[in-house]
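As a starting point, one isolated chain is supplied in structure tokens, in the form predicted alone.
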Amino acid sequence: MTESDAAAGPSGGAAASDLLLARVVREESGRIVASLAGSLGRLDIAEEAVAEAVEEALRAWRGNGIPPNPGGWLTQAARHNAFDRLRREDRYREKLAGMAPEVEWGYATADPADTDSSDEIDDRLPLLFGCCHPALSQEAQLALTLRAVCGLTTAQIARATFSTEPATAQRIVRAKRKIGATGIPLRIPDGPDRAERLDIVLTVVSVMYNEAHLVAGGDATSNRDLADDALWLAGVIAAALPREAEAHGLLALLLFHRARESARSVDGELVLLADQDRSRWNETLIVRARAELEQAAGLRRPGRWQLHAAIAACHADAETAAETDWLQVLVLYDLLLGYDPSPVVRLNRAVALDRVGAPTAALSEVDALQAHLGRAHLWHAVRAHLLRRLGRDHEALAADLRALELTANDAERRLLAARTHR
């Protein structure tokens, strides 16, 4: 359950309990899943027990009121559910004997969050690394992370990832089975594997944030819950791994992006960066983003997420679009290519190349990416802009029309349609 779903639910006391439950699920479900999975060695049972507990809480809290210790209540309900499931599986009886005795189901149970030490690794991190194991597809990594770590329902995940509920459910089931069958450990890897695995985790969080924007058929308004979950997860990772520069880099990047949100989407319409009213940018988030970027830089281990964030910082530093230091942006993209030579990074670098006065070279670079990005509306939109800059208006119109065909978001369609009528 997300807070938006809760807010759209019943009114009065029920709405208040739903809102609190949404917050507790976000803060506690990943911890509970991680704890149960660690005790049982079964991610599938742990995740299903927590999901069942959330459903029970929804009904019980609406009817009986909010318990004094909501997190403890949810933990105990999940433990009961896990025990019930294990009792139905004879081959796991020995694990039951090894678990701590049950405590009475009450409202006075200690909240696990109250006993955490700031010196301990957040117990959601091993779960997050397990969900983002490279043996799983990126789609499965994202769906399982949203389910096990963020506590989203199958319907919410399907909505957030533009998939169907049956396909999403199957994806999650297959991912959990694969983790169980292949013995994928729920732990933070050590040694040389850690950087690579962390990059996958950070990529999944980045994909989660991007999925929140430009919903098919929707306007420019982001899926705020999904974006907030991604930002929250990035914060959890950075706080738990304070010596990992790239974790701070990703958090900085998402904070910069989030800071622009109210200027990027105005009355459902998409406003390009150059046209945004920068007084609408959230200065508090920008200050936080700069602090995270500085902390990352202090660790002296550069990486792609820090460079992405540094480019975002260049835009944040400019009081107007015209004052943007595009030469610095281009230099940063050149550095970024050393870490991330993906076609999307090359496309964005081409935009910077145009801004420093080299539109012909920029167009050549964009044309070289056709085999990789020819089905992406953004490639056609950037190409149309460059063609128009070079006075090739007929070709620019054709490129804009192709971009119009390929985008599924209504706000982008309106923006591109307006360009074709100029």
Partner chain sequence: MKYVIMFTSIPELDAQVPADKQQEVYGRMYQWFGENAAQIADGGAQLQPVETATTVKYRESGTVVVDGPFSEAKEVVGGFQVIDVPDMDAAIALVKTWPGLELPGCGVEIRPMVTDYSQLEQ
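As the structure is a computational prediction, the values presented were derived from the model and not from experiment. Residue numbers count along the first chain shown, from 1.
Separately, the form predicted in complex with the partner chain exists; it is not shown, and the next lines address it.
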* Asked: Going by heavy atoms within 4.5 Å, which of 189-197, 299-307, 71-79, 263-271 lines up against the partner chain in the predicted bound form?
  -> 189-197
* Tell me, which of 137, 182, 164, 342 has a heavy atom within 4.5 angstroms of the partner chain in the predicted bound form? -> 182
* To do: Could you check which residue among 176, 124, 133, 257 gets a heavy atom within 4.5 Å of the partner chain in the predicted bound form?
  => 133
